[in-house]
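One chain comes next, on its own, written out as structure tokens in the form predicted on its own.
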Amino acid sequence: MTEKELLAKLLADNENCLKCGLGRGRKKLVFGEGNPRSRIFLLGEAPGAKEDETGRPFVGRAGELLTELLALAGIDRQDVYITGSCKCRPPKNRNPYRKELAACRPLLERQIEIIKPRVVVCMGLVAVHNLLDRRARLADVRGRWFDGPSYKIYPTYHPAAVLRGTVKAHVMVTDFRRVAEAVQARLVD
């Protein structure tokens, strides 16, 4: 089976997931999208209202900004794979609880296993805690390379931080450029 077929089967096997309470309140499971053979895997936090309605990751304001930031870094959104740490929207856009992240973790790990990225970019503290270290402070790990099981992990901010004005856009553009250059130069094989 191709990566695309494997991802389609994984989605079909999980689209009615009720492993945690979030499954009962969602409109649509937000599985992920993009290039199934991408070397860059973008990991966000959890779906918002627009994502829950459409079943697509990063389609709200933060998603529009993400697309712009990627473009400024020379990356086409269609060339990367994008998903969230949690596949269902938490009520009132709260951060997902540990047990909710744990329920989605096998699905996330299987997505990574199928896609085989060179780099997983953790966007935001939830993604960093989920994949790297649950005690990490984003300010301490942002912009540094870490070893994952079969890929490098690169923490950066979530695009929502730019929308809130707590982070300047150029910081994220620099991070995305650094990731793209490392992948192109095969520094992260």
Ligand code: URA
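When you see a residue number, it is the position in the sequence shown, counting from 1. Note that the coordinates shown come from a computational prediction; the quantities given were computed from them, not determined experimentally.
Another form exists, predicted together with uracil (URA); not displayed. Remarks below refer to it.
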- Item | in the model of the complex, Arg39 touching uracil (URA) (heavy atom, 4.5 Å) | no
- Message: When the contact criterion is heavy atoms within 4.5 Å, does Ala46 count as touching uracil (URA) in the model of the complex?
- Response: yes
- Message: Would you classify Thr83 as touching uracil (URA) in the model of the complex, given a 4.5 Å non-hydrogen atom cut-off?
- Response: yes
- Applying a 4.5 Å heavy atom distance criterion, does Gly34 contact uracil (URA) in the model of the complex? no
- Item | Within 134-163, the residues that have a heavy atom no more than 4.5 Å from uracil (URA) in the model of the complex | His158
